[in-house]
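Take a look at this one chain, the form predicted on its own, written out in structure tokens.
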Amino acid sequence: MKIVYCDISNIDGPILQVRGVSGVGMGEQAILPGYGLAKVVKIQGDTVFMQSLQGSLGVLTTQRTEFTGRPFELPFNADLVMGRIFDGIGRPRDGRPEIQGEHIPVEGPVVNPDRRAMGQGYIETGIPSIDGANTIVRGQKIPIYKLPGEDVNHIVARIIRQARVAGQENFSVVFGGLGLLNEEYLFYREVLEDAAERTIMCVNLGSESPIERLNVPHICCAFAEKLALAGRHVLVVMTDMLRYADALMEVSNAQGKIPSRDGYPGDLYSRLARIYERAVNFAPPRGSVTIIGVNSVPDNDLSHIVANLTGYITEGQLPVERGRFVIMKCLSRLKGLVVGKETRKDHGPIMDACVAAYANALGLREQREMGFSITDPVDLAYLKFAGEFERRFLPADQNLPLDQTLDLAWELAALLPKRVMRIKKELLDEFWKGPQD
């Protein structure tokens, strides 16, 4: 028998308190007829605190409340979701019919680490500074740090269009837009049209409820997990996680929670971890979920609480500055699991040599800026290498398969004398493209 409650004791922003309730669990979905859905966020005795997923404007204390006995769920059908756009509570926002299929929980549990298969396969983005120097492993979680003034939408769009798993056709992308401006939404809709056969979008606009914004990452991960369990490799791309954290702060303040550092709630770390830790690589024949989260960094301060906590949770970082990845600050902690094992044997050595040469050239540039004269032919070769490396390898507006990326690295390395390359002789003999000095 379904019990209907009509005794809302208090309405505080999106938080509704219902008295005299029993048999209700945390995270349970409730229905407010005429006002959409709500989710149980706190239980105190026989008083249940619900968070309305669409706001509480117009809700009266006599409003009917029906508890469903189930968590927040969405319909899912793998054959129907591709090319679709959903909002922050899973409703179609593309004008097409609702999905008919099985219902899946949105905020499911994180996969047991014992079921994860580490170091099996990698994601190609087509961008040399990622694929070559900071290879992303399937099942990895890694943020793109967006520095002030940077527009990374074109980089994200390029990743959505280009990303692939070498030798695999069963690849999908799930894009999550958090607090997007209207022009950003229109831009990403065009991106979806270019890759509709393999892409799903879940979008919350900046003008819409911040409560719905909190659902977007979980909806993306729920869709991705179902596709992965069906054998697909899925890349989840979300932008911007700072807006997620700001929405969390706004909603937490409305719930009366005591704020922590910089006004953010004390459970910010666990909230972010519940999203990023859903990245997983299942053992074959199942697929994988890889997560890239764009994170704005206020004032270029990586100690900002959101960027700082994200760094503890994730497995690397990809800062963007002036339209390219800052390779000296980039890091993929898991790349060693696949580089040279599932990629070409020269992958690790040539990329290490190029990054070391670039670092040396940056030091020479600094000396020259301080007034020192750079006349040694080898030093001049390093400076020339750095210029070409920045012009041809670092820009993010490229689409190169990994083999072509490594060939480009050898071509650039040929600008340096062979004797300065710290690479094994057998690899130099096989791949070297420059003069035999």
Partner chain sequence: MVDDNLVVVDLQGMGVAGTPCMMNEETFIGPMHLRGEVIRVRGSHADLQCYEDTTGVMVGHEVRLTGHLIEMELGPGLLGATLDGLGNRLEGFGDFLPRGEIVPALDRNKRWKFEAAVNDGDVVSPGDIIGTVKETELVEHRIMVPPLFARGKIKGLRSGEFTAADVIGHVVGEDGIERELTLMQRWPARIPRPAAARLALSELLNTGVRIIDGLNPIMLGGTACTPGDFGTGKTMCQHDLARHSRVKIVIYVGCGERAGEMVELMKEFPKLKDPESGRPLTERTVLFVNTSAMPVAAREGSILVGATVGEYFRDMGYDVLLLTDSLSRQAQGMREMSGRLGEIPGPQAFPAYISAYLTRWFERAGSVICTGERGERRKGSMTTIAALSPDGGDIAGDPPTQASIQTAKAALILSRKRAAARLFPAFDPLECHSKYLDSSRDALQRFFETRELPLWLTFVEAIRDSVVAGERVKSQMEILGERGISDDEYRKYLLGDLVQKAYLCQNTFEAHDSATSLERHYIMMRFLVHLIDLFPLRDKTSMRRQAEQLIFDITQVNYSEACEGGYQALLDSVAGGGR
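C-alpha atoms forming the largest set that superposes within 1.5 Å between two forms make up the rigid core. As the structure is a prediction and not an experimental result, all values here were calculated from the model. Residue numbers count along the first chain shown, from 1.
From this point on, the text means the form predicted in complex with the partner chain, which you will not see here.
- Comment: 269-277 is the region of 269-277, 74-82, 195-203, 93-101 lying near the partner chain in the predicted complex, near meaning a non-hydrogen atom within 4.5 Å.
- The three marked residues, G340, E369 and L406, fail to reach the partner chain in the predicted complex, with no heavy atom of any inside 4.5 Å.
- Interface membership of L380, defined by any non-hydrogen atom within 4.5 Å of the partner chain in the predicted complex, is ruled out.
- The shortest heavy atom separation between E225 and the partner chain in the predicted complex is within 4.5 Å.
- Interface membership of L60, defined by any non-hydrogen atom within 4.5 Å of the partner chain in the predicted complex, is ruled out.
- At the 4.5 Å threshold, heavy atoms of P285 stay clear of the partner chain in the predicted complex, well away from it.
- For the options N300, N170, N253, N308, the residue carrying a heavy atom within 4.5 angstroms of the partner chain in the predicted complex is N308.
- A heavy atom within 4.5 Å of the partner chain in the predicted complex is found for exactly one of R344, R322, R365, R116: R116.
- Contacts to the partner chain in the predicted complex (heavy atom within 4.5 Å) from stretch 333-372: R333 only.
- Residue displacement note: R70 has its CA displaced by at least 2 Å between the shown form and the other one (rigid core superposed).
- For D46, a C-alpha deviation of 2 angstroms or more is recorded between the shown form and the other one after rigid-core alignment.
- A displacement of less than 2 angstroms separates the C-alpha positions of L416 between the shown form and the other one, with the rigid core held in common.
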